[in-house]
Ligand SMILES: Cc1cc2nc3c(=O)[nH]c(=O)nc-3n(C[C@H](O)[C@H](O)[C@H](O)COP(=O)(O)OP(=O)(O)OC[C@H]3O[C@@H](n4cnc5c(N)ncnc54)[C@H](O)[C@@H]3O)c2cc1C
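Only one chain is included here, represented as structure tokens and corresponding to the form predicted on its own.
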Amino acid sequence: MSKLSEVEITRAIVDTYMNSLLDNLELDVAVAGGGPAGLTAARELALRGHKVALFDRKLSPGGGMWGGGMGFNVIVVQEEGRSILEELGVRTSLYSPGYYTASSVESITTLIAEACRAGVSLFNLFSVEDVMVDLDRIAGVVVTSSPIEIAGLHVDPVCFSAKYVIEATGHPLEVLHTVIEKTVLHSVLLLAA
């Protein structure tokens, strides 16, 4: 492969990615967290015509669903979960009345693919570290590169405005804790004034 071809490949990657990044600076909905809940919410909103971007800190979105139960790549869902999976074409099996099993790998890869097909812009390796606030309402997210965050490097993050923000980081509830911290700090500052 010639150097020119290698540069053209690099140009294609950088140009396409940057165009997507720039196109998503202003959103209808920003979703923090790419597990099953975030992917499902993002997909449903995109199907309804909303401009949605999902930010996941890991290289491979999907949250804990990849590992099923204790690393056994099987999930168990009830009727509501089964109907969502079957709508997407994921195979399920009745285990006992009201409980169905499915492959965790098939489930999460399908959720990711269907979110992308619906028009969700998925940004992996992005950590939502803060929220933007405008006139006492959340107006977007502040993100940084996960590898930069892990390395402990101090660089400025970037911002994405959004009419709505969905917290889908799972058990840590990182965005919610940030909102609570900002709300409490804002209340304290108002009382001090």
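It should be emphasised that the depicted structure is a prediction, and the values quoted were computed from it without experimental measurement. In case it trips you up, residue 1 is the first one in the sequence shown, and so on.
If you look for the form predicted together with the named molecule, you will not find it shown, but the lines that follow are about it.
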{"property": "Within 4.5 Å of the named molecule in the predicted complex, all of D28, G140 and V165 (non-hydrogen atom)", "result": "no"}
{"property": "Contact flag, R57 vs the named molecule in the predicted complex, heavy atom cut 4.5 Å", "result": "yes"}
{"property": "The named molecule contact in the predicted complex: A37, any heavy atom under 4.5 Å", "result": "yes"}
{"property": "Contact test in the predicted complex: V128 vs the named molecule, heavy atoms, 4.5 Å", "result": "yes"}
{"property": "4.5 Å heavy atom contact, M65 and the named molecule in the predicted complex", "result": "yes"}
